[in-house]
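Here we start with a single chain on its own, the form predicted alone, put down as structure tokens.
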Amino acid sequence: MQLKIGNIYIKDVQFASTTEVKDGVLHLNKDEFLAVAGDDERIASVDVYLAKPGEETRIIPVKDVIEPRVKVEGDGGIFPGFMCGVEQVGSGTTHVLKGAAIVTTGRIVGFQEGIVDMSGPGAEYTPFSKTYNIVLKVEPIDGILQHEHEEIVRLAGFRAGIYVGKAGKDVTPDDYKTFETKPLVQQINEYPDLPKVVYVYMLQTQGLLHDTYVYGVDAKKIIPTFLYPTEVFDGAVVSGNCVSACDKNPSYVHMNHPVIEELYAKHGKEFNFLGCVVTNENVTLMDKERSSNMTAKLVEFIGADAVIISEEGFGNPDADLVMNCNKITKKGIKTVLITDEYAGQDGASQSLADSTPVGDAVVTGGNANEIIKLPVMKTVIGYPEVAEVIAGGFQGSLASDGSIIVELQAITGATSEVGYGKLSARTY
């Protein structure tokens, strides 16, 4: 399966009478945008704001981040199972408004939502301080339950992403990148002397409001399955969860998955990248055993020599990560784990809730418990008072002057467990 990505680089976003891209500037018709995004009888009000890199702007609470994309050639569309049918995506040509993002906010749904600062020290920890953000504030009607509230905001964000993405349909991209994964036998035979690598892509599905979707299906309901990596770039996997902002994968991150992009970059050079096995993170021991058994069986069946495993979230999902590691390693397949740490504010506590001696190759996204002070911002989009409620905050987090003290856990993307973040390791 081959997918051609055409990148249209966005260097500014402005409100205008017509939604279009001209000379790298995204012009947005506010009224049309709100009519599309707010097209749900369960929505009481909807508004839109612009937040640009370097501005003294804070967005809180951040629910999801979505990249505007549009299918210009090939089957299906963007966000299959939600915004189009369930045709297989990941082939043909897709145009991307690179540098633009839809950020959804509004009243808090679950306590594990985040903060994006467009400047200051907090901006150094989130990748979305560098995007030109179209902030969609959605307020549902009264009486909506939490899971429906999440759905309303999620779908509004997807509608907004589709509307904005269409502005790039007839624009000539600034550059193209082509990604291809062939059927298994062909793929193996193309580079028979290189190690065969599979990515085990763990999705957050652990309980209420911990939902990730594959072709519109809540991944709680799936058994481990194979995806062509290119399917991910067309929105086959999207976020619907309220988990700690620091290591949550917003839909934007799934669509720009750095592990998949890096594996493609080294495919045919250092190893043979065979594809993705998506699996879930479970609540009960029985479900954990089932999914990890089937994941190990599937990567063995595919013929992997080595596997990269990433998790989403922390605590209970650490057990799923370790089970996958143990069972895959037992089959003679090498593993590398990607996680982050909750090691206490002093960094002295146990980093993970579970561990294994065979987990001897681990990449960390950083310590989510580290404390940071976020200064006063001139503009706050959303509800600053939730700083004391969201994960990483505490009573007294919000000072009277508007500054905030929180753990990195509260900052969207701060300790990304797929590496879509700004932290790195240095040797002194």
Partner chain sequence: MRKKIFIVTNNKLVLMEYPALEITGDLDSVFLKVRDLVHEGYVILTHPLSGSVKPHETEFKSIVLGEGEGEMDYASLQLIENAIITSAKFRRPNRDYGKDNERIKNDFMTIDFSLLKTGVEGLGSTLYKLVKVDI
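Note that the structure is predicted; figures quoted are calculated from it, not measured. Residue numbers count along the first chain shown, from 1.
Below, we refer to the form predicted in complex with its partner chain, which is not included among the displayed structures.
Checking Ile222, Val72, Met83, Ala353 against its partner chain in the model of the complex, a heavy atom within 4.5 Å turns up for just one residue: Ala353.
With the partner omitted here, the residue from Thr104, Ser244, Thr230, Ser129 that has a non-hydrogen atom within 4.5 angstroms of its partner chain in the model of the complex is Ser244.
Proximity to its partner chain in the model of the complex holds for all of Gly207, Asn316 and Phe394, with the criterion being a heavy atom within 4.5 Å. Using a 4.5 Å cutoff between non-hydrogen atoms, Glu388 counts as a contact of its partner chain in the model of the complex. When contacts are judged by a 4.5 Å heavy atom cut-off, Glu151 does not count as touching its partner chain in the model of the complex. The closest heavy atom approach of Lys166 to its partner chain in the model of the complex falls outside 4.5 Å. With a 4.5 Å cutoff on heavy atoms, Asp287 counts as touching its partner chain in the model of the complex. Between 75-83, 178-186, 292-300, 340-348, the stretch whose residues reach within 4.5 angstroms of its partner chain in the model of the complex through a non-hydrogen atom is 340-348.
Contacts to its partner chain in the model of the complex (heavy atom within 4.5 Å) from stretch 66-95: none.
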